[in-house]
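Given next, in structure tokens, is a single chain: the form predicted on its own.
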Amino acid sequence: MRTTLQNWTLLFGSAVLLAFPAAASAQLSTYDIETRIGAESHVGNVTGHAKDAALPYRRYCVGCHGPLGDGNGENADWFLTPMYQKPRDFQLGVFKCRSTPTGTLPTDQDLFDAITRGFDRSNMPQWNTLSKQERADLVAWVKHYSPRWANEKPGAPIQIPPEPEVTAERIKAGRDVFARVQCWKCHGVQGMANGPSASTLTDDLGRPIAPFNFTEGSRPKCGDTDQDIYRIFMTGLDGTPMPSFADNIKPDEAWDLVFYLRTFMRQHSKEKDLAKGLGLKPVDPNAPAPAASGQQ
């Protein structure tokens, strides 16, 4: 009788944990995760199967992301600094790099690209040496950790308009956008990640996180093409202080901001040459914020 009562107590306690997960992390059991082992991914003409990724995940990923996909692998504690974040907790189903609107799930292609590309300023390497099938299987494996994929569909990818020609006027307009939406508060007036808010930033789990330093030579985490940088503004980096600006800046203004940010980067570019020719100075935090495009 005592043993039976203890068992019921344990079962009830487990149910409570599952029903009321702690705010800091998802509390999913091995059993719950295994119910989704049939998860699939679809990347181009390749179908990935979670069940086929168990061994590759254990070989390449478990040391950081952990056997439960919660980011608590044996190596995870070595990474917890503002610059190098703890490995992703897949159980939460929240991802920085997406082509989809803020708050929505990424597409399978988004996850595939993240595995392939890796992340600068982190311990997540490029896995482009794995076959396309292996990477598609790993995408399905990542998905099987979170119940979000059982209950939600990925968001529709945002539309990126054609990139306009870079001009001096657009770069000056980009500086106005940078000032108006106060990018400098985190990234600094010269993009050096030393804005007044930089040292106070935390992610959604309360862990310190550093803003991106445009001047240090590393690539943005979600890709380094102009389209990639545009996408970051319009989707945000979920789980971080970087919001979506889809409701605050127009597509043309987003392109202007892309061009202005290029003037901070080490790499030689047309944008840097145009800014130099203009004698362009950093934004003045004490100046009144410029009006939005189309306003007086």
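None of the values given here were measured: they were computed from a predicted structure. Start at 1 with the first residue shown and count on from there.
Not on display, but discussed next: the form predicted together with heme C.
Contact with heme C in the model of the complex holds for none of H42, H49 and Y145, as no heavy atom of theirs lies within 4.5 Å. Heme C is not drawn, but in the model of the complex it has a heavy atom within 4.5 Å of R88. In the model of the complex, heme C lies within 4.5 Å of some heavy atom of P243. Interface membership of P125, defined by any non-hydrogen atom within 4.5 Å of heme C in the model of the complex, is confirmed. In the model of the complex, heme C lies farther than 4.5 Å from every heavy atom of A168.
For the partner-free chain shown, Y60, C61, C64 of 38-64 come within 4.5 angstroms of heme C in the model of the complex, judged by any non-hydrogen atom.
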